[in-house]
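For reference, the chain that follows is the form predicted on its own, supplied as structure tokens.
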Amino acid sequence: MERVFVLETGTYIRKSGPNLALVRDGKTVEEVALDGLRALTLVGYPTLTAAVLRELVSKRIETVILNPKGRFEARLVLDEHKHVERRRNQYAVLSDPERAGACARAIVRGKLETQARFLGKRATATANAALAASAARIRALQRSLDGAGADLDLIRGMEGHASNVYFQSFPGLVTNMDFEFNGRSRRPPLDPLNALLSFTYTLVTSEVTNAIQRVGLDPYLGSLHATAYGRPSLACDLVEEWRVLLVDRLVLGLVNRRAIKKDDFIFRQAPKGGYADEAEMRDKRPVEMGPGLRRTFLQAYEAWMNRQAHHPATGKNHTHRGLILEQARLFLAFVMGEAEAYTPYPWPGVR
């Protein structure tokens, strides 16, 4: 297996010859071959031995830690000193206000393109005039982007406005009447759809971060997202073009096909007067995926990320995960001066 998710809290991971042994309640429940393993995602604080850590580092296995609620906690970061020239170019390009502004506009233009196309496609398929009108409003915002120049606050404001239009239309994309969507909610998600979206955005952002590191760039300096302590701003930038394509389509497809049921979630009553602090919010969030759903969903996610699609820039088909890496390479070409501008993935075949 190339990618493994360890979901059960209390799992102890030790080395067993050429394999990783997953131990629970004193018994080995699964062995995973280290040969061929490329990514390990740990959910819910399992325990690792020092020998396992050495193997993960020496074999350069991407390792991500999510908390029991599915939020990103940490990543095993490997030494990338050999790419210093690439990062030097990245810092120079993204520190230039004009070039950073042009880059941010390109990223937002790409995001708005996917939002408008998706709404327009569903509007045509379902004869939904409201979706068509929202697609037109986002198109209008997209056309006005060039007028923002290098004003990052204005560019961010237009991106936020388009997202409001998009998520106001989101209920029109849900055909499974067991699920409701009353606006985008994040901290914490207030309903099952928002919980699925947040969890999947976290997974795809982790994929983008890994791709950025593989090409030798710094995931913490971007253009659209301002620099902030601990925020992978470039990953936040480059995930924008994948939100609709990889996240929303997957989540809506599973829900609308009734592959996911409302009973698969755990619901809690929110405390009166709100949450006391961040820790209480995490522990008592009103809705989260049940353990069975999490495993089923991750299987669907892996199948989706391994689905093939064409990339016009390479002229080849790639997995969805491979497309993310190709886009990171295009961003590298931009910061190295080998391409005049960065172009988000154009979603060929959909108009």
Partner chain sequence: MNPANAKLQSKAKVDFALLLGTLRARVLRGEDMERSARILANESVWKVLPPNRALEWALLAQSAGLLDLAVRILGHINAAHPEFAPAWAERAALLTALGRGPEAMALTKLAPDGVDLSHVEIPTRTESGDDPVPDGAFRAARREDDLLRRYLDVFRGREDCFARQWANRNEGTAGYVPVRRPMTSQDLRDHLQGRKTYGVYLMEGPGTVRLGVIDADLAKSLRTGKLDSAKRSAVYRDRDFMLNRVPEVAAEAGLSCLTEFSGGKGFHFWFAFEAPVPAARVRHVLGRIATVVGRDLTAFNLEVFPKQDKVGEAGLGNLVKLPMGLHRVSGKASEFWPKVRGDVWARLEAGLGRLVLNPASGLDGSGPTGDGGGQVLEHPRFSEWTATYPELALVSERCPALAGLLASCREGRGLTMREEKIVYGVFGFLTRARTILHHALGNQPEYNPHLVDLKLSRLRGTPLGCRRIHELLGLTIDYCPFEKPVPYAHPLLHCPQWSTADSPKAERVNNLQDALDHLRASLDMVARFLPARS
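Computed from a predicted model, the values in this text were never measured in an experiment. Positions refer to the first chain, counted from 1.
The form predicted in complex with its partner chain exists for this protein as well; it is not shown, and the discussion that follows is about that form.
**Q** Checking a candidate spot here: are 132, 141 and 161 all in contact with its partner chain in the model of the complex (at least one heavy atom each within 4.5 Å)?
**A** Yes, the whole trio is in contact, each within 4.5 Å by some heavy atom.
**Q** Using a 4.5 Å heavy atom cut-off, state whether residue 250 contacts its partner chain in the model of the complex.
**A** Because a heavy atom of residue 250 falls inside 4.5 Å of its partner chain in the model of the complex, the answer is yes.
**Q** Heavy atom to heavy atom, is residue 299 within 4.5 Å of its partner chain in the model of the complex?
**A** Flag for residue 299 set to yes.
**Q** Test of understanding: in the model of the complex, would residue 256 fall inside 4.5 Å of its partner chain by heavy atoms?
**A** Residue 256: contacts its partner chain in the model of the complex.
**Q** Does any part of residue 293 reach within 4.5 Å of its partner chain in the model of the complex? Heavy atoms only, please.
**A** Result yes; residue 293 sits at the interface with its partner chain in the model of the complex.
**Q** Tell me which of 218 to 226, 185 to 193, 148 to 156, 88 to 96 has residues with heavy atoms within 4.5 angstroms of its partner chain in the model of the complex?
**A** The contacting stretch is 148 to 156.
**Q** Since exactly one of 199, 242, 118, 166 fits, which has a heavy atom within 4.5 Å of its partner chain in the model of the complex?
**A** When its partner chain is considered in the model of the complex, the option within 4.5 Å is 118.
**Q** Answer with one of 136, 266, 74, 84: the residue that has a non-hydrogen atom within 4.5 Å of its partner chain in the model of the complex.
**A** Filtering the options by heavy-atom distance leaves 136.
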